[in-house]
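Below you will find one chain, with nothing else, as structure tokens; this is the form predicted on its own, and questions on how it binds or moves follow later.
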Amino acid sequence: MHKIIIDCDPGHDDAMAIMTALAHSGELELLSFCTVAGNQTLEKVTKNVLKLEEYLDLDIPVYKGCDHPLLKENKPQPAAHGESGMDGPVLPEPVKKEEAISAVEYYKQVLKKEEKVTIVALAPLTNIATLLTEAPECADHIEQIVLMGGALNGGNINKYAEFNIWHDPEAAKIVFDSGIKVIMAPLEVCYAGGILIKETKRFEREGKVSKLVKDLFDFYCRYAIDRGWDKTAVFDLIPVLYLLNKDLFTYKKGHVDIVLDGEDTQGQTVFREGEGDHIALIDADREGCMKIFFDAIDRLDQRYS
């Protein structure tokens, strides 16, 4: 059993990662959500988590985190996720509010109480870097950070960098240099473990959660369809799948350096195999990944029937 905190910026793929974790409560004890500016503004992504909770009748604490990167301006990317950060589904306005304390203050409190916590980081690493700067002793209580971010070959926001790392490279450097065990799910493994566009048709059914997933994919898949692709990565799903079954992945041990400057290189993750204790996932059993995801949504449909 892993005790997890999901640090996120929903995001269609964040929502699907969250739902997959919820379906596996026997293996993943979800303590809370921490939000951070990334895909969209902090206000929008926090509202998206609360909307998801309202729809699924959840009562998991939500803590609002950092509203901008450590040194850069906030630069949302609506092309993939829309103006709301999670366009497509029409979800009820949330009644519940976020908690009174910030995500960083929450981390400080919970990490003193819990012996070891896994952070599932699906967004820029600003919250975690701020925590480690203000309270470095908290690192001893973090079992591991499993994150979606980075790229081994080519980027999706500049020539070499992936968005989450590029959005706050200084934060990423602090996290990767912290000595905490970091498992990185880069772009390449997210594409390898992705969903075929035709497979999204399976969610065209009556289940409450399937309906939500269908609406998410109807918007999210446009980016891939417009480019003639037959498959799309569900990026933030990969760290959760790794926690559920790491045998689905091949990986290498080494060290990740973060490049802080350069038009084509800011946010680049330079992986050196064999030189450290970071883990970079490099390939995935696509069918195995999708089986866990499909089964998770089926399980939630049954739970909400």
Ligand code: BDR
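Each residue number is its position in the shown sequence, starting from 1. These figures come from a predicted structure and were not determined experimentally.
Keep in mind the form predicted together with this ligand is missing from the figure; the text below concerns it.
The stretch in contact with this ligand in the predicted complex, judged by heavy atoms within 4.5 Å, is 230-238, chosen from 173-181, 197-205, 230-238, 93-101. Of the heavy atoms in Asn156, some are within 4.5 Å of this ligand in the predicted complex. For Leu122, a non-hydrogen atom is located within 4.5 Å of this ligand in the predicted complex, even though that partner is not displayed. Proximity of Thr35 to this ligand in the predicted complex: non-hydrogen atoms within 4.5 Å are absent; the residue sits far from the partner. Interface membership of Tyr160, defined by any non-hydrogen atom within 4.5 Å of this ligand in the predicted complex, is ruled out.
Just one of Leu111, Ala129, Leu187, Leu216 comes within 4.5 Å of this ligand in the predicted complex, counting any heavy atom, and that one is Leu187. Taking this ligand as it sits in the predicted complex, the stretch 243-276 never comes within 4.5 angstroms of it through any non-hydrogen atom.
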